[in-house]
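One chain follows as structure tokens, the form predicted alone.
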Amino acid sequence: MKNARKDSAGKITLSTLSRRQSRREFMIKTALAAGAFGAVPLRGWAADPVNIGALYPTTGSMAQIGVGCVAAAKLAVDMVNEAGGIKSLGGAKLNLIISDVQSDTTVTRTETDRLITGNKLSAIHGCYASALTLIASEVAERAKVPLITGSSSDQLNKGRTYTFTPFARASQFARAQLQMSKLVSDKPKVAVIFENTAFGTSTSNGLKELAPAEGVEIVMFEPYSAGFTDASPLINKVKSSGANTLFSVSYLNDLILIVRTVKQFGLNISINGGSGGFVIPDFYKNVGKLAEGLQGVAHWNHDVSEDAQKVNVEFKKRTGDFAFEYAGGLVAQTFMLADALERAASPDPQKVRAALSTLDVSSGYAAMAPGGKVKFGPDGKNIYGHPVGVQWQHGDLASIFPKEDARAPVMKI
């Protein structure tokens, strides 16, 4: 009877039961051991990657910037992954999903929607230009996917709960520019020219509103159509205004044209190019020594900290250029997302959003911002966020303002 296996009627024998019981006992003992000493990892098992969306204009009028942003995004993901990924998720690697928004507002809307609906995303970053980012943030808000951005429009923090802005806002850029005008003259008379986009209008309105309190006289306030081909009429007005300082709120191509036209006119005027196109390597490549001594403001510069300098070295290896403000800030943003994912211990976008809302860092790559601190308030703004004043010196951008962030003395011109 004991040695019976299975009779002709298909009955289970005692020897079969013994084998099954032995196997069951082994499995129970193994499970108990795993519970006591921790789960035994399966050989060859890897945590699922965490998808991060990246929206940038790699074609169209802003392609120069967009390509640099993508290079920075890839560098940041490599840095996080090489450091062990998201440890609370079993070492999960970040997976960057890039979408070209083609420097177009309509495309930005459709691409943001496609990126979200076609992929399981934990978060998004983008889009460089404020006009594009405003649209992407609307779509992300409806989909309840957090978006973190270096775009500066103050509108991004109005009526949003999934948008996070770790750097300076447009209105803060304006105050810094006004204060920097006193580095040039005790009685600044400023001509403000600005492109008629979300970036241009929000920044210039900030200049106009804050000028009286900063003791700065604005003698000209003139919008222009972005992408214009002749700056002569505009610069003629600047020349007639009696201004001793020019603020140009412009992206790269417009700013190049404006600076060249000022020099062609022989107009002896201090120029603060603000942010946008002024603070990227291609500006110097296009105007050369005409840029020397010109000032601007940035939400990030590659000399703000030792970590920023390390990022700059790696970015230069990959691209041949220094890490411009949006590129360097993008690396910092990726580490902020990694911090949030680590604390959330989940790729779920709503949990990531909750973790971002409690971000509070003062060291490491995530804190790589002017002042070295990032903590988001209820509106998604970094409560410590402020811009840094920069100046072109010997073909590089040096931080010169405010005093606590200065890394080089002001070059007199």
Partner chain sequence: MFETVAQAVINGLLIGGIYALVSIGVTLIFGVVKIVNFAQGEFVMIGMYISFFLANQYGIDPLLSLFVTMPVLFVMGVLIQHFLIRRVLGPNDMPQIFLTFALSLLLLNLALMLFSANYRTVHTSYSDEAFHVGGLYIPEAKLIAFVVAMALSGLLWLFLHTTDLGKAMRAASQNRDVAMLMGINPNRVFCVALGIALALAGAAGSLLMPFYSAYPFVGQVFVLMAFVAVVLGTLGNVMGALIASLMMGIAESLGIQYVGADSGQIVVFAMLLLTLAFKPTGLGGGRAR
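Positions refer to the first chain, counted from 1. Each form is matched to the other, and the largest set of C-alpha atoms that superpose within 1.5 Å is called the rigid core. Remember, predicted model here, so these are calculated numbers, not experimental data.
Omitted here: the form predicted in complex with its partner chain. The next part is about that form.
Of the candidate stretches 82-90, 176-184, 149-157, 287-295, only 287-295 has residues with heavy atoms within 4.5 Å of its partner chain in the predicted complex. For the three marked residues, 64, 230 and 264, a heavy atom of each sits within 4.5 Å of its partner chain in the predicted complex. Using a 4.5 Å cutoff between non-hydrogen atoms, residue 224 counts as a contact of its partner chain in the predicted complex. Although the partner is absent here, residue 60 sits close enough that one of its heavy atoms falls within 4.5 Å of its partner chain in the predicted complex. Remark: residue 109 does not count among the residues lining its partner chain in the predicted complex, judged by a heavy atom distance of 4.5 Å or less.
The closest non-hydrogen atom of residue 143 lies beyond 4.5 Å of its partner chain in the predicted complex.
Contact with its partner chain in the predicted complex, judged by any heavy atom within 4.5 Å, is made by just one of 119, 196, 309, 105: 196. Out of the listed residues 239, 208, 114, 343, 239 is the one that sits within 4.5 Å of its partner chain in the predicted complex by at least one heavy atom. Residues in 381-413 all lack a heavy atom within 4.5 Å of its partner chain in the predicted complex. Superposition of the core reveals a Cα shift of 2 Å or more for residue 224 between this form and the one not shown. Residue 194: CA moves 2 Å or more between this form and the one not shown after rigid-core fitting. Put the two forms on the same core and the Cα of residue 128 is off by less than 2 Å between this form and the one not shown.
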